[in-house]
Structure formats: C-alpha cells, structure tokens
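Below you'll find only one chain, the form predicted alone, shown as structure tokens.
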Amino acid sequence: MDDARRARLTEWLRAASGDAALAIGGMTLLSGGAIQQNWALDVSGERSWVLRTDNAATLAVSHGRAQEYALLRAAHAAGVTVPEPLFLCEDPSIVGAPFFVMRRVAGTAAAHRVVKGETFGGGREACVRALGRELARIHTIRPPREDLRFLGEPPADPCLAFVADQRSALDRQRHARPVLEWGLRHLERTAPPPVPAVLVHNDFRTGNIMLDERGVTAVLDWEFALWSDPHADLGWLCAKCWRFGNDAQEAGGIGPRAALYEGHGGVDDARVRWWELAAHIRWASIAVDQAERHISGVERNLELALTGHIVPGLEWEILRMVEARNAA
C-alpha cells in the first residue's frame, strides 16, 4: 500500500476509533486470499488489527465488504468464535476499495499444517467436535433478520435451489462440463425433503478456520454465506477435496466424521452425504471461474491459473461418488 493511501487510512482510523493520536506502526499483506486482501496492522497502543479489502477481481457470488462485516457482527453476537469486527468503511477513496477492520487473532489456518498436526484444537477428535459446535452456533442464526436482508428470502427447498444455482453457473461457462451436469442431475433426482433454511457459512473448511493447540481461535472468510440447509456446511467440510490429502480423517482432514456430528448434534448423515457430492460440484464450478479470471486477463495470477487444473480430479471424484451412491 503506497504512502498516500496509508496516510488516508491513518486519518480515517483516527476518526473511526476516536483516537486522534492513532498511528500505524506496521502494515503487512498476509498470505492467502485469492479473492480478498488481508493486511495486518500494528497500531499504536499495542493493538493488532486486520484490514480486509477486495483484490483486483472478485467472484460474482462473493459478498461485498459491508455485507461480510454484517455477517461477522451477526456471528459474533451469536457466540461464534470470530475476530471481533471493529470498523467498516464503504468509501473506496481511502484505500482503493471498501474495507473493514477486525481484531487480529492468534493461531494458524494453514491447511497443510493443520491436517498433519496431532495437537491442534486439543487433538483430532476434540478439534472436530469443537468445529461441530461452531457450526451449531452459526446455524442458530435464522431468517428473517433485518441486518442480513441482503441475503434475500430463504429458499423453500435449499437442495433444489442449489441445483438450480449451479446449473445457471454452468450455463454461463464458455465450455460444456458434462460430468458436472451429470452430477447435478443425480442430485436433482435424489434430493432429500426440504428443511427450514438457516445461516450457512458456505465455506467452512480447513484453511478458513484458525486453530491453536487449545481450540478454535477464529472462523474466517464469510463472503459466501447464505440461507440454506445446515447440512451444507457439514458436507462442505467433509468433502474429500478439503481433506488436503489426509483422506482417512473425513472431517476436513482433521478428525473423524462421527466426532464432528457429535459436536453439532441432530445430524442426518444421508443429507450430509448429498451435500458432500454437491460440494465437489460447487468447488469444480468455482475453480473454473477462478481460472477464467486469469485467462480473461482481468487478474493475471498463477494461483488462479493453477486452480483450473484441479477440475479433472474433481470430476473424477464426482463420477466415483455418483457410482457409489447408485450401487448403494
């Protein structure tokens, strides 16, 4: 961030915090975040904050920073372990795009470390049990909510709404994706009965959860949240594509599925398995979109380009999962 933007940010933070002497001692762009930028701020008074703003190109399905800030506030009020939201700025002239500031928390979200570690969150079973409890708290947030009205009306049937949304996403692609279409048709034919929609994080997975040896320190990245079936979050976390090679530990590569279910309570395993297949289809569709951001020239980025190469592996897993479901 250049000196002019940093100066404007300092003045804005002084006004927002009511601290006329506030100074930014250090400002570092954190790793990760293909869609958003996260800047660590070391602020006078031994305060550690994070500024979250947009990258050059975003996904159409991603909420803006004002919406994500509202979601973070709602989650914080519901007792979900999230960084405390502090300030929101919708004026793009300050740093070049809207942003919000939250407290910085300790821990690691690095997936390759988390899935290999035996002590994060107090051990594998304790950790995923705690993740189940976090999801249960998220799922206590239910419509209608005036502060979350940007989410729109909840779907009458979250499963069929998912199928329709993904079909529309595939119809926008430059190239046909017959395996994804085939998987969607299977989901459509086997959709379970509808349940009342609740708030779903919609990206609750290893890599978006901060952990230390004592437990969960933060649930991050709320830009995809929506009203849906609570089992969607469980299926997303259990999807093989988010186990980062540690496939034996079905809950995010961290621990056993049964402990996750226990932590959440009231889980329908068959419904989770439906959403697990849905997760692979959705991630494949997102991966195609990510690659298009690079291919189009809007945002030249090696990570985005490489993301497109995971699609065949996801398609293979979709074929395997559908075959297994048909044989059951």
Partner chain sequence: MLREPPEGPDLLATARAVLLDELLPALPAEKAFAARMVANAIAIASREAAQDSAWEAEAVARMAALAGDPRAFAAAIRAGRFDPGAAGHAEAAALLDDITRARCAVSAPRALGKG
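Remember, predicted model here, so these are calculated numbers, not experimental data. Numbering follows the first chain given and starts at 1.
We do not show the form predicted in complex with its partner chain, though everything after this point is about it.
Judged against its partner chain in the predicted complex with a 4.5 angstroms heavy atom cut-off, the residues 30, 52 and 153 are out of contact without exception. Figure note: of the listed segments 167-175, 137-145, 252-260, 124-132, the one touching its partner chain in the predicted complex, with heavy atoms no more than 4.5 Å away, is 167-175. Though its partner chain is absent from this view, in the predicted complex it lies within 4.5 Å of a heavy atom of just one residue from 103, 185, 113, 149, which is 185.
Contact check for residue 312: a heavy atom falls within 4.5 Å of its partner chain in the predicted complex.
Its partner chain is not shown here, but in the predicted complex it comes within 4.5 Å of a heavy atom of residue 181. By the criterion of a heavy atom within 4.5 Å, residue 247 is counted among the residues contacting its partner chain in the predicted complex. The closest non-hydrogen atom of residue 15 lies beyond 4.5 Å of its partner chain in the predicted complex.
Taking its partner chain as it sits in the predicted complex, the stretch 301-322 comes within 4.5 angstroms of it through a non-hydrogen atom at 302, 303, 306, 309, 311, 312, 313, 315, 316, 319, 320.
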